[in-house]
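This document starts with one chain, in the form predicted on its own, laid out as structure tokens.
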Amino acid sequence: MESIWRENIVIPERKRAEGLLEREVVVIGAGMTGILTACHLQRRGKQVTVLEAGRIAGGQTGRTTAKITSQHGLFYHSLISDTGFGRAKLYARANQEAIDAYEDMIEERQIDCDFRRLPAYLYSTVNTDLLRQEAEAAKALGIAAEMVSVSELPFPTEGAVRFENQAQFHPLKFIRAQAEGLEIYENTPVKKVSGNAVYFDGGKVSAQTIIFATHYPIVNFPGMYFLRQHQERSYVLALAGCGRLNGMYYSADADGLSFRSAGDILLLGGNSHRTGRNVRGGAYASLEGIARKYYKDSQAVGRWSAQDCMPHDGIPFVGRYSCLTGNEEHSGAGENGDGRKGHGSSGLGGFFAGNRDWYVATGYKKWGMTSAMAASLLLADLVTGRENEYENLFTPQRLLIKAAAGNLITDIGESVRGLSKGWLRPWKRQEETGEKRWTRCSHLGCRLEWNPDEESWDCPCHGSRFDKDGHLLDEPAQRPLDSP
């Protein structure tokens, strides 16, 4: 079973890129961020092309629960404490404006994508102390939020914070309409990015501006995003026969559940974990057990998982790829796509320098749809030279030590452990065939862990994933696993 968004939705195929192309802007990645950014720039008169390694919306966009909300868990109270009131207010406003921007685009083009305004609830089954703090923080930042009691969940709660006038939609119906009229090349994985050129098998695109909208940045140096975020996976079960909810729900508790309706289908989500930390499996089985307990007459009609980039300070990275500039080449894939020396990276310049015309959007946490719109609007302004009040909020060059320190230390520990295991035991023998298989990630060499729920090799360091035969599933790695 797959994501319900893919049922009965056909996005016309696009051809592969070939030969030598010249454009003003090239966007790498045809997910929600890439498509929205290309739309905004094309409307402003820019000549834009989009390169997609697979199919349009074939990555995380097709696996979202498609909530468009400024309700981002227990976040605003800590954001004020860690980064200051002014920065927190900008964050809240950027996400509120993103909701409105979706509605404006949908109304303008009359897109039938099941867009619906409704409240988002942050609930707890334990206590309301943290919820009350969050409600007060959100209200202070200008969000219409208040403490309420809720009754449409299948179990009792202690209370909830209601965020008014949020939204949900069908992401693939929306992106199918937005992709019309854009120049998009599918099945065109990027092999290398150098200066103002993006290389693929059989050709390249030369462009004034390059935008990395690949969920996780595919170039290690400059930027070093692998040191600034990790990835988490979460799971969704689609259930028929549960009735419709009048709101979207997200738990403030550890190991809590999320809920939203998609027509007559209920999306039940949960079991979030760091990528590479599901060696015992049981994530889907757990959700199925919850469904049997609370929705006895329900029937599972779909199930899938998604991957989220988790920045250390909780704020997405949107802006220039790196703070310094230079003309070094940087590999995005191929033999040296793991960041090792080989494509002209020399000295410290190869680590820190980049091209001034490179831009990036990543680190959306679990709020990809809202963040994609906010990021695309900011990127369009940066590329066209317009002022944007959110530039300093999202800049990848920020350093918010208080907000980031704890997660940074944890991630360093995970990376040291994973790298040590990877180099000490780089392969594992397959029980069925006796064949040896490398279990060292092709990104930076961390030890991969087997995920029995999805039959994949997952990297706990940076979140790359491979199927049982070593084929690449998720970045930042850019090449498959080798046999020993």
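Note that residue numbering follows the sequence shown and begins at 1. Everything numeric here is computed off the predicted structure, so don't read it as measured data.
Not pictured, yet referred to below: the form predicted together with a small molecule.
Using a 4.5 angstroms heavy atom cutoff to the small molecule in the model of the complex, all of Met32, Thr214 and Trp367 count as contacting. With the partner removed from view, the residue among Gln60, Ser442, Asn451, Gln42 that has a non-hydrogen atom within 4.5 Å of the small molecule in the model of the complex turns out to be Gln60. From the list 84 to 92, 189 to 197, 396 to 404, 114 to 122, the contact stretch for the small molecule in the model of the complex under a 4.5 Å heavy atom rule is 189 to 197. Not displayed here, the small molecule is approached by Asp308 to within 4.5 Å at the level of heavy atoms in the model of the complex. Mapping the unseen interface onto this chain, Val236 counts among the residues with a heavy atom inside 4.5 Å of the small molecule in the model of the complex. In the model of the complex, the small molecule sits beyond 4.5 Å of every heavy atom of Cys446.
With a 4.5 Å cutoff on heavy atoms, Glu52 counts as touching the small molecule in the model of the complex.
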